[in-house]
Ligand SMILES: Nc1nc2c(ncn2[C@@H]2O[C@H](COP(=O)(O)OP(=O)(O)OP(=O)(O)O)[C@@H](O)[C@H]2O)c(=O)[nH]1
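Below you'll find only one chain, the form predicted alone, shown as structure tokens.
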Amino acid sequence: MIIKRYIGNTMQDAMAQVKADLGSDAIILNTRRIRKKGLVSWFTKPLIEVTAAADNDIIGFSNREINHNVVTRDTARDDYSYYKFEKKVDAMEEMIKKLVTEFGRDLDKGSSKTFGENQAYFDILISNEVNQKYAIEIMEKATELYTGRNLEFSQCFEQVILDYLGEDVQPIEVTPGQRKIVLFVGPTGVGKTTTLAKLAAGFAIEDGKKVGLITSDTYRIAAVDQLRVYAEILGIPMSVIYSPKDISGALEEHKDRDIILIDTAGRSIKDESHEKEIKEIIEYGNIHDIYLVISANSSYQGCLDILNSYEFLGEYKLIFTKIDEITTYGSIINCKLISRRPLSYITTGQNVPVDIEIANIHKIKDLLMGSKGL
């Protein structure tokens, strides 16, 4: 299959290029208006861009392929039109088959995998929405550990789950005499502000630390007020910044604090300006720790999209929220294996500054196995 882009002054011009290069059986995939680069382009008529595709076998078709036994002009034209239509249908069918083959290739891998008398363990992973490739990998490692050893398969399975969740739980640690600056990031609606408030309450009330709050979330309606209410209840000072460069001044206001927690706006994962803003906050703020907050009810594709969009962070740790709102726990394993980053905290979705705990991998393992009956 050949896919090409053509640019013309008019649609007729672009289509003529398509026909001359790919033939009249080419399939139009997309059309749009574009402008040349530079200021002058805004005072000129936009160009037309056409993206077209054709199968290699169709290119080069000519009238010689028509049945020349048909002698009348009208019947020849009808025959030719029918032939073109038939060819286009065949070409579209072929392209669809190729697309389905490509997208389905990964899904088909291991889809018929069975594990005999231990199939129930595999089914538990799948029913918990653990991605299939990870479920197969876990089962294969558990089977390998089980083979030739005097252990129950359940023990091997649990051990592999714990290994995959990782022992490298890394909560926020505050060293006496050293100020800790912590940044919280994540998409809209995952509960960053509430999680930050819960952590602030823990450090202030339970640990007796001097806590400072900073927010850059001036995009969401009432976001600043929400955090200010928490700060007033806890008796904690709070600062608002309107650009990343303001972070230096805000940090100076909290120079006597043991730990400073920085809230950021939840933005679309497709918002490139959000990435730039976060990078600048990290640069100007001399951030010590970064925590990516993810809702536990995220789908596998959702986890993948979030983690890919925050890949620019480099080193970070994971916090899972809304653990009380789910009945399947595969998203935690999925995110852990995709990101290869340590877990830190799990928290409920309750909108109060309580109910947050250091991630307990044994608890997550028990939830995973117990939620569906093992």
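Quantities reported herein were computed from a predicted structural model and do not represent experimental measurements. Note that residue numbering follows the sequence shown and begins at 1.
Keep in mind that the form predicted together with the ligand is missing from the display, and what follows is about it.
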Exactly one listed stretch (22 to 30, 341 to 349, 302 to 310, 328 to 336) reaches within 4.5 angstroms of the ligand in the model of the complex by non-hydrogen atoms, and it is 341 to 349
Using a 4.5 Å heavy atom cut-off, are D168, E275 and G314 all in contact with the ligand in the model of the complex?
-> no
In the model of the complex, does G212 have a heavy atom within 4.5 Å of the ligand?
-> no
Partner proximity in the model of the complex: D217 to the ligand, non-hydrogen atom cutoff 4.5 Å | yes
G235: touches the ligand in the model of the complex, heavy atom cutoff 4.5 angstroms | no
Just to confirm, S239 within 4.5 Å of the ligand in the model of the complex by heavy atoms?
-> no
Heavy atom within 4.5 Å of the ligand in the model of the complex - residue from G208, G148, G116, G189 | G189
Are there residues in 300 to 335 with a heavy atom within 4.5 Å of the ligand in the model of the complex, and which are they, in order?
-> T321, K322, D324, E325
